[in-house]
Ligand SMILES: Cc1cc2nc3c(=O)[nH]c(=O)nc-3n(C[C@H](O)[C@H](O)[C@H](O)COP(=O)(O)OP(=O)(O)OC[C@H]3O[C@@H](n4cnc5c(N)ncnc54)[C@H](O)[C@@H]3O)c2cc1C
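Just the one chain here, laid out as structure tokens, in the form predicted on its own.
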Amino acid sequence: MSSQLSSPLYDIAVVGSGFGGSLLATIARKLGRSVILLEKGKHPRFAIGESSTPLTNLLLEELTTRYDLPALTPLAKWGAWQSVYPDVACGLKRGFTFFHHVLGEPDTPDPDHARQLLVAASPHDRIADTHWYRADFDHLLVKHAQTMGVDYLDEVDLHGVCQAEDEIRLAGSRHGRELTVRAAFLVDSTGPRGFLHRALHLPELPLPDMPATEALYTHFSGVGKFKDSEFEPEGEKPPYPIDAAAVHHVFDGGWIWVLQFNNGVTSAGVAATEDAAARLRLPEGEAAWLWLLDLIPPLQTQFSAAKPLRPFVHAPSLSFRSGVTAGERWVLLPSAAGFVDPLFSTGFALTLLGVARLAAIIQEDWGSGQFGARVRASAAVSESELLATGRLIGSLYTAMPDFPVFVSLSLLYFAAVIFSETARRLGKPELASSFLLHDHPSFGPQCRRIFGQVLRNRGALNATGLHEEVMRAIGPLNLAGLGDPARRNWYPVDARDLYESAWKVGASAGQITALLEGCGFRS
């Protein structure tokens, strides 16, 4: 007969020790709360969701500064990461790289970049973004949480939850012994269809603008550089090394990602609509992957010496939205409340925005009569951000056969996140109060109209007219020369763009200079 383990009453229990759960647990402990962090597995462990963005790293930097976590601040930039944590694997991400392919057809020279989109995120490596090798990254955050005084238990199998008037109880087992964890408040960070979704039998709702999608992915060794293939333009220098990026290969119905880490590991996979996944036979795993590579000759060359490091994972239902995301004594972090797609790496920013909101509530209203109401309001904001992301990504899936339309829609994303990052760095977060600026008084409605037009008129879009509409929408926010035909879909980071557009964020030339110096723009 197994013995019984029972915990003291914690202020906060966090279930799931991915980066979001571990970071929130650390912040809550820093704020004086007693915290226990629970993990079903054991670190280091494989996890997907690996590529950061400028907005993600800015949010991470803001959180570590606001809550005095200097040991984590170096993780916000490639150069600082390499200096402080050289043994924690990651990848260099200088931008977003997109190539368009027609499956089964050879790629031909593309001197006008008509089948490419390269958007730089940094002018040099030192302040570049990163791909997070989650086995190392998550493990580092868990260890740091423990050093801050967070109690941590791994290999915990939770099978029930019970809510009382003044606490919430988790029932489970660990190493053959029954376990009860008691807390005043519970945060679920276990991902889509995670612990609370199952334990409380929460409903699942559709993402109204997203097609049903599947994914197939794993980690590889021996992957070459895409720039060595025949697809790279000759005689031109792209705004960054095209492999030092989140590399996307887009085709009708889906896309492939390739993320290269500095430990010789490459993360790669494909996400596709149900129809495309059926045509590509994604449930067949490795055989489907090899067949897909055969349909894209440059990728077949890049992966000619590659070997999978672990079994392929087939995810038969990729997108997710929980019908309920908060209760009287619990909340789902955004990563557990919903998921759209890996395209554009939106999940990291959504999670950190949720962590920031919840941390502020814990700091300002713990123990007050407003705490529960503010938690539920924060969960509602997270859902609105999820739905806005679904509109964007669903429209992009619709546009995948027509790459000029795909590029135009992408400019809406890049204009919004570049404007948001700049506003925050200028100390003007009120100019960008929502993810993707979805509640901006003019940009928000314009985006919804454009996305609606794309979703209603599948296969019958006027690419020129839509591009003109996109350019009108981003005009007041465009800080990076997006849509300039002279750049032919290659967008470097150029300080002149920011100086010329400073009026759009109400900034002087001196303020822009201070911003650039403060973020390390000039190496």
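Owing to the predicted nature of the structure, the values given are computational and were not obtained by experimental measurement. When you see a residue number, it is the position in the sequence shown, counting from 1.
Same protein, other form: the form predicted in complex with the ligand, not shown, and the subject of what follows.
Only one listed stretch (416 to 424, 432 to 440, 191 to 199, 105 to 113) carries heavy atoms within 4.5 Å of the ligand in the predicted complex, and that stretch is 191 to 199. Of the listed positions (P492, G49, G481, P476), a single one reaches within 4.5 angstroms of the ligand by any non-hydrogen atom in the predicted complex, namely G49. Residue-level contacts in the predicted complex: of S395, S345, S322, S410, one residue has a heavy atom within 4.5 Å of the ligand, and it is S345. The ligand is not shown here, and in the predicted complex it never comes within 4.5 Å of any heavy atom of F371. Mapping the unseen interface onto this chain, Y10 falls outside it, with no heavy atom inside 4.5 Å of the ligand in the predicted complex. The ligand is not drawn, but in the predicted complex it has a heavy atom within 4.5 Å of L318. The ligand in the predicted complex comes within 4.5 Å of a heavy atom belonging to K40. Relative to the ligand in the predicted complex, residues F226, F251 and F303 are all farther than 4.5 Å at every heavy atom. Using a 4.5 Å cut-off on any heavy atom, none of the residues of 356 to 386 reaches the ligand in the predicted complex.
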